[in-house]
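Just one chain follows, in the form predicted alone, and it is written as structure tokens.
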Amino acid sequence: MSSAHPARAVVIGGGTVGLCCAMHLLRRGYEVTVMDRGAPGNGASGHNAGLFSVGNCLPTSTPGVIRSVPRMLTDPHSPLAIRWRYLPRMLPWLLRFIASGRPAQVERASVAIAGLVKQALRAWEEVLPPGASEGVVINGGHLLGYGTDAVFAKAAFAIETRQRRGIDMRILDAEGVAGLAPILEGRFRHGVYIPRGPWADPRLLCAALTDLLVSEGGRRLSAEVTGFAQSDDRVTVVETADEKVAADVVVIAAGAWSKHLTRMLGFATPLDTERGYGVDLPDPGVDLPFPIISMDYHFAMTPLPGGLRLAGTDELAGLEAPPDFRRADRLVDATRLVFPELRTHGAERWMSYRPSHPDSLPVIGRAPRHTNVYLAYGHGHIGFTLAAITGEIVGQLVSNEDPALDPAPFRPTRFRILERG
């Protein structure tokens, strides 16, 4: 690759995963254009709990998940709910999701996720120079809080799995939880504390990454991809309504919308969306020292510079159904059970689309039908955490370098059925 005529890389998707892929390609000498139809941080990358979830190494589907399916279908307040109207379209994904909860499958998935998670912070530190992360990333830990003995007992499998994977954590009783901060006294009966689990306002982080990309010579194009020009097994041009951009390398990192793009190229993977809800409270009246994940109600409470963010719950309803903001209101109600003093004036509710595969593993690797197209999507609940290590692996694969870890568990061809669109 000549410095006078650098190879051209087009990254489709301007969230954290796409931006980290772009940064790694840019620093390898590629001329990089990032395409995204929204503003930085407008999608799932800016609407999440903001945690670097380095204690998370479990897939969403675990042993016994099949027993939860009736509740998913009948209880709209279930932590994971399915809209009846979407069930026929969702059924193939759901059947694979249930199958992924078998013990052997869960063990393999947890090993693969832990491999990524253990390199996540190191990869982020290499993407973001100190000046770019200052005032954006907050160093510290976070707490998984259990309000009852029963909920803690049900978490035994998850805790044991984390221990087998070597996750750095401390198991605490009520006194130990209270010892972390005075505000926590009497709030939880048990806790699991992740001592090195930083957090950030994800919108600010997306903006910082975008500024960094542009400052180092990359280009961001606000546009929606409408098609591709192809020659043999290569994509040569990425098309938008207003511009055609020549490409030597294409990376698809468009989150939940990636499936639409791969269909344009003649193939599809079983990607769907877990819709996550959240509430931002500008004056919460609760000053948390670090993020807390309520394991009783499956959501996070994250202190951010602009107030408190509540984020969590999953809804399987696709990209088109209107939001059901009762799920966001449930987060407020659940927070008040732990912190009755919570204030909600000025609350802003939102919904985001978490791109998810039924086995809870992302796709990272070269597309099966094109020699110059690379895929990086489907990170589910931990795309924010895994963006930098994903970008590093993509950069290494594109440049024919030895990857930071074995990408085989994340290969695009791992699914039994790979259909033409």
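The model shown is predicted, which means the values in this text are computed figures rather than measured ones. In this text, residue numbers run from 1 along the sequence as written.
Just so it is clear, the following notes concern the form predicted in complex with a small molecule, a form of the same protein that is not shown.
Stretch-level contact analysis of 346-354, 143-151, 332-340, 174-182 against the small molecule in the predicted complex, using heavy atoms and a 4.5 Å limit, identifies 346-354.
A single residue from the set N372, Q396, N42, T33 has any heavy atom within 4.5 angstroms of the small molecule in the predicted complex; that residue is N42. I382 is the sole member of I389, A367, I382, L26 with a non-hydrogen atom within 4.5 Å of the small molecule in the predicted complex. Here the marked residues S110, T161 and P409 all miss the small molecule in the predicted complex; none has a heavy atom within 4.5 angstroms.
The small molecule in the predicted complex comes within 4.5 Å of a heavy atom belonging to L51. Using a 4.5 angstroms limit between non-hydrogen atoms, A223 touches the small molecule in the predicted complex. Taking the partner from elsewhere, V17 is found to have a heavy atom lying within 4.5 Å of the small molecule in the predicted complex. Of the heavy atoms in F97, none are within 4.5 Å of the small molecule in the predicted complex.
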